[in-house]
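So this first bit is one chain, no partners, the form predicted on its own, shown in structure tokens.
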Amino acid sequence: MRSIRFFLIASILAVITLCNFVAALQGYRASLEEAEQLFDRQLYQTVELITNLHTGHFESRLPHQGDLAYQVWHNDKLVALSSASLTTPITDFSPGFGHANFDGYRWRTLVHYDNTHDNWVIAAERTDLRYMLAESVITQAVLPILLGIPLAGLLIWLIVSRGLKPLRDLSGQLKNKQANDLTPVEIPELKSELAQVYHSINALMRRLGTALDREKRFTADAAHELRTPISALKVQLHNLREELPAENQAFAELEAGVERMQHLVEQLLSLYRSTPEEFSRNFTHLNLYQLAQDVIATQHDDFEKKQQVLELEGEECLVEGDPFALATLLQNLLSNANKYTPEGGSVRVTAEPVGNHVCLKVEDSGPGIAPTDYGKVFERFQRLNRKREVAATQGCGLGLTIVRHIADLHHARASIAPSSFDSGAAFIILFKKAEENEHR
């Protein structure tokens, strides 16, 4: 808004200043021409006056003026002059106007032949005094215009600000809207120039509202479709419990897996139903290193089955976030590392502060990822072609997409880099550090 106002004010003032400058320049030239003609007429009248004076004696003198010089010649004799130093002709005896240099100045001259008395009358006037007088008159005329430009700028600023008020009101309404507020924008004083913008914004609001409602309905339907088979599975497990021994380890693991699946579905649906603003309201301070310990403890068996070495390095570090979401993020990264790391390989988790941030890194000794594919890894349903020994790895291609979504919700940056092992990839999540005094 400020840039538009500044552009309008600066442009209008520039146009006004340019027009005033051109007008002043043209006025200056016209005034000089007019002054030249006026002074020439005055010089001609001076010559007429001198011609009518009695100049019969050589000793005759007329009062001398510093800006005016004259001579009267009769039969090559000087019979009248304005200054004793002017003993030679000021200029040639050629009737009419001209210019001459003497006495250290440039002079405008007029030569006139008086037939009645057989006299040559020469009068001269300093040109610098002419220009000084003309410039003084022009300056007095132009100065008020120049002084009026700041006043014009103030008036233009007030007018432009008033004209941009509806646009400023529209911007303020859009800025103050909540993320879930898609009601139409109301402008009391709607200008015709803003009508199209106003209708386009409200049309966009309606389309966004429709899309959001459709997404909510889809999420609700998906939640129902996911809950139903899990609920049916739990009923079957309940019935099966009566037919199996109470200490059946396989049944206990199956039942625990179904419970985890139900909890995971509920939490993921809650995660994707929430807007970033609503999600961030539930953030708490948590120790990322401790969270990594807990997640590693729950998934350690998966690494034991493939005889993989799972390490945790770092130190206690606080971040603001949702515990379940961050646990899901780390679970997906560990699951990804477990899948693509061969038997006997290594996986290392690091949680440590780095400057004003906290770095969570999960790196493996698997086949790695080509740098040209780094940008594709976090896309939905992407399963990159890796080495043949991991080509049959099971997965749906959503794990890393969920990782990036959770990172975005926490205003963190997800990236990929080569692993510190001889081969493999490192997934790095950079969080903003939470201050300890804020936690207290």
Partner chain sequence: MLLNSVVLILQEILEAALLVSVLMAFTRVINLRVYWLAGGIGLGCIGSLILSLNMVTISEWFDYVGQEVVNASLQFAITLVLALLTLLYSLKTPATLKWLPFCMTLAVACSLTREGSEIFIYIEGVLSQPPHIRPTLTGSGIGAGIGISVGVLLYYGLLGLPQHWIIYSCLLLLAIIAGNMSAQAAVLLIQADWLSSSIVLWNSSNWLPENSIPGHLLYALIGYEATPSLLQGLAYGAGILSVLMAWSLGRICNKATP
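Numbering follows the first chain given and starts at 1. Everything numeric in this text was worked out from a predicted model, so none of it was measured.
Not on display, but discussed next: the form predicted together with its partner chain.
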**Message:** Within 4.5 Å of its partner chain in the model of the complex - does that hold for a heavy atom of every one of 6, 21 and 132?
**Reply:** yes
**Prompt:** Do residue 282 and its partner chain share at least one heavy atom pair within 4.5 Å in the model of the complex?
**Reply:** no
**Item:** Close approach of residue 41 to its partner chain in the model of the complex, 4.5 Å, heavy atom
**Value:** no
**Asked** Hey, in the model of the complex, does residue 140 get a heavy atom within 4.5 angstroms of its partner chain?
**Response** yes
**Item:** Non-hydrogen atom contact residue 11 with its partner chain in the model of the complex at 4.5 angstroms
**Value:** yes
**Request:** May I ask you to choose, among 152, 208, 146, 244, the residue with a heavy atom within 4.5 Å of its partner chain in the model of the complex?
**Result:** 146
